[in-house]
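In the form predicted on its own, a lone chain appears below as structure tokens.
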Amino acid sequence: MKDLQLTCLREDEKATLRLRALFARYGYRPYRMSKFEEYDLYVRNKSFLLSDHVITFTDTDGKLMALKPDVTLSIVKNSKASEGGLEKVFYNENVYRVSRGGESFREIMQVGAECIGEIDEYGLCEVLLLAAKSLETLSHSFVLDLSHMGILAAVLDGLGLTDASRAELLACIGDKNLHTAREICRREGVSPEGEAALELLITSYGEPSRVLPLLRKGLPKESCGALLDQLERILDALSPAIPEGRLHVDFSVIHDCRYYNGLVFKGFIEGIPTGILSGGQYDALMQRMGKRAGGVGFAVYLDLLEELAKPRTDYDVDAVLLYGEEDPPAKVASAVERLSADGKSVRAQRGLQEDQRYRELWRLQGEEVTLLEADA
């Protein structure tokens, strides 16, 4: 039977209910926070945000406050986790920022999960599994792309580049721009071995069983071997739990190295051209904020689900039930219950309204309900 209650919810609201249930099933507890945060938190970490546009106001005590544009920063700031401890939380919070491609501020519902404290490899696997399952709750056609900032850093460290050239090459990796990367390498006198390792990161994409052997063969063992071992262990643990073809290695997934240091990932679903999920290890962020702990988590950007919303139906309601002034309320209520028993929406009223759209038109006549019109 069609669940009328759920059909009345927006796509982001339905997704929120499913994601909350998923996180709770893995022992994550709900986390609530204020709409406001001191503006200084965002000023110091602007590059961590998707947008540097922040709504500010002056509090009654003179402090400059902000409507929160991000949740992770607030969770990290207020976390009491430390070495030896572990916090697992999830949230669904409204954030206030300019949406992607937008020109004005919006209140956006965001859902995510964070694991903070002493995080082992199982903890990393669990968060990645939750990310994949989160995508699957939104669409069965999804892809989770996984990268490793440590491997990227190890390759770039071996090229002997200036900070400016390093930033240029990171941009090339993110854009899969092999031509420009080669030009930079030749301009900076990068060795053939270093250039080949960089090209491998740019061109490698696909399922772990195909990509990992290429990385093993082409990346320097001294600097990348242990990191590749970790990546392989995590991928081996995840592969049985994620549908075949849904987990890919992709080094174009790059997050700011001032905040992220290990595994980073993005999630995509069919019908939305940009990533709907983003996350990773942010141990470097924890250290920047004076926390002696690690962190890993992700956020789902539910505003993007609007692109998947079905076009508006041709009808305002499934059925209109007409009744007269003489019909007792109890009989009208009984007729509405009978018509809506199969899940259709029913609107009872005395007369038709101009431009009203419906599939069926019914008339209450005594004890009977008669169908007057029906759209085939």
Partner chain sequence: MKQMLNIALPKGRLGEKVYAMFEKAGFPCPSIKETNRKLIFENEEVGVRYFWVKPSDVAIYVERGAADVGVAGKDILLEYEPDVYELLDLGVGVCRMAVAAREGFRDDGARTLKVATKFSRIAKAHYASLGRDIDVIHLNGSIELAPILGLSDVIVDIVETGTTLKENHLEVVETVLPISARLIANKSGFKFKSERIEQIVRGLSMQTEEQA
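Here the structure is a predicted model, which means the values were calculated and not measured. Positions refer to the first chain, counted from 1.
One more form of this protein exists, namely the form predicted in complex with its partner chain; it is left out here, but the text below deals with it.
Peer 1: Can any non-hydrogen atom of Ile272 be found within 4.5 angstroms of its partner chain in the predicted complex?
Peer 2: Contact with its partner chain, yes.
Peer 1: Does Lys176 reach its partner chain in the predicted complex if we count a contact as any heavy atom within 4.5 Å?
Peer 2: Judged by the heavy-atom cut-off of 4.5 Å, Lys176 is in contact with its partner chain in the predicted complex.
Peer 1: Taking heavy atoms only, is Tyr301 within 4.5 angstroms of its partner chain in the predicted complex?
Peer 2: It does not: once its partner chain is placed as it appears in the predicted complex, Tyr301 has no heavy atom within 4.5 Å of it.
Peer 1: Although its partner chain is absent from this view, report whether Phe265 comes within 4.5 Å of it in the predicted complex, heavy atoms only.
Peer 2: Result no; Phe265 lies far from its partner chain in the predicted complex.
Peer 1: Determine which one of 125-133, 231-239, 140-148, 192-200 lies within 4.5 Å of its partner chain in the predicted complex, judging by heavy atom distances; exactly one does.
Peer 2: After filtering at 4.5 Å, what remains is 140-148.
Peer 1: Which pick from Glu87, Asp250, Asp256, Glu207 sits with a heavy atom within 4.5 Å of its partner chain in the predicted complex?
Peer 2: Partner contact (heavy atom, 4.5 Å) among the options: Asp250.
Peer 1: Which listed residue (Arg288, Lys77, Arg246, Arg166) meets the criterion of a heavy atom within 4.5 Å of its partner chain in the predicted complex?
Peer 2: Selected option: Arg246.
Peer 1: Within 189-203, which residues come within 4.5 Å of its partner chain in the predicted complex, counting heavy atoms only?
Peer 2: Sequence-ordered list is empty.
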